[in-house]
Ligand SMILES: Cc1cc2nc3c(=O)[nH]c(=O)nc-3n(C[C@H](O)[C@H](O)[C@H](O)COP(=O)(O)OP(=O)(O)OC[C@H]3O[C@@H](n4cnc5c(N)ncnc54)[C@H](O)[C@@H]3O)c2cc1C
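Below you will find one chain, with nothing else, as structure tokens; this is the form predicted alone, and questions on how it binds or moves follow later.
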Amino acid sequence: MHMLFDVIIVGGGLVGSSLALSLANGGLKTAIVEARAPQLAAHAADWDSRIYALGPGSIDYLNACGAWQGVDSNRVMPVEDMRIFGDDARSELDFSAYDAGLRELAAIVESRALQSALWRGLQARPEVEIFAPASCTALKIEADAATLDLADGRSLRAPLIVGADGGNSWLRTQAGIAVEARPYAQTAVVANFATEQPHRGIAHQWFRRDGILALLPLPGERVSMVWSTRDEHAAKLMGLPPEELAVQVAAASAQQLGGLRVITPQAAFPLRLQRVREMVRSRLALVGDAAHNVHPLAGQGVNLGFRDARDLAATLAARGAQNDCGDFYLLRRYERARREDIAAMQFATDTLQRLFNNESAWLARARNFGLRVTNRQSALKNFLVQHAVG
């Protein structure tokens, strides 16, 4: 006996959970299948090493889902300015929320805090049934519906199944959707620090010859580091004791925030560019990292995923007399709506990664010159900001 739904979502991370909430707002009966148990704990005393910079568009979407209201504002830090430095002593690019007519460029939030708010929201919605922890064992896509079998013997059936299960998506693999993946031979090393000097809500980023270093503001005199660097250098950073890591990061950031002290140990995430040949098939759609991976230098990965969820939910809500959520031509509307945004972000981040991950002296001069020239063009800077905040 199958359990019947309008939509099945495989993957209960940030993007999948937000999509389930958005679909519930549209009255669709939704199943969400997640391998891990729900994260519902109150905010811990420590700080999550994995943080996200959410653009205003993502925050508006999460507000509409009813999730953002559940995040403790004391754990969220608005970013009002971003300063980007080249690998010489004089090249700088500054983005200001005030100059762009925005309240903020982004808001920094811990993954754990946002995930907990989303899960609490899901548990309060009768339209959503949660299967977690749960393991998928088989997928069958037929003309009229998709069937998903779970390891505990239960079987779920719906006109549409959505893959929100990350870059190594089980659902995408089962469907046989081809993936083009290119490792960057880089790793993102993350850690949190207490700072000697106040950050004043400014995000800092350095394009260095050994990678891209970002210090993102957290509430209080704290920052979160993301250092995207070659695998060998990342391994060295991962092996450093806290005191030595703090010294090296302070030096690499030109003592911009004074001395640093590690408050959350370092963690590492391998980086790659990943494209899929198809985001949709009849009865199936992909969102988030299951549909694309980008370099984190622009902080846009999760924002792209939220835009996927927002546009898929909007497409299903606007289906009109077409009652079939998994109709291929309906899902193609979603794919067309997302292709340009995803392709543009992949091109931009990949190009920047190639440009700055290069030892050429003349290219170093060119990219530093580009930073200085762009910094003098207010209209261009505001255009870039408006596109990024989505």
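Position 1 is the first residue in the sequence shown; the rest follow in order. On a predicted model such as this, the values are computed, not experimentally measured, just so you know.
The form predicted together with this ligand exists for this protein as well; it is not shown, and the discussion that follows is about that form.
Within 4.5 Å of this ligand in the predicted complex, a heavy atom is found for none of Leu105, Pro217 and Leu312. In the predicted complex, at least one heavy atom of Gly166 sits within 4.5 Å of this ligand. This ligand in the predicted complex comes within 4.5 Å of no heavy atom belonging to Pro159. When this ligand is considered in the predicted complex, Thr195 lies well away from it, no heavy atom lying within 4.5 Å. Residue contact with this ligand in the predicted complex: Ala35 places a heavy atom within 4.5 Å of it.
Checking Leu257, Leu284, Leu114, Val190 for any heavy atom within 4.5 Å of this ligand in the predicted complex turns up a single hit: Val190. The contact residue chosen from Cys325, Ile51, Leu62, Ala31 relative to this ligand in the predicted complex is Ile51, the criterion being a non-hydrogen atom within 4.5 angstroms. Exactly one of the stretches 70-78, 285-293, 198-206, 243-251 approaches this ligand in the predicted complex with heavy atoms within 4.5 Å, and it is 285-293. For the partner-free chain shown, Phe269, Leu271 of 244-279 come within 4.5 angstroms of this ligand in the predicted complex, judged by any non-hydrogen atom.
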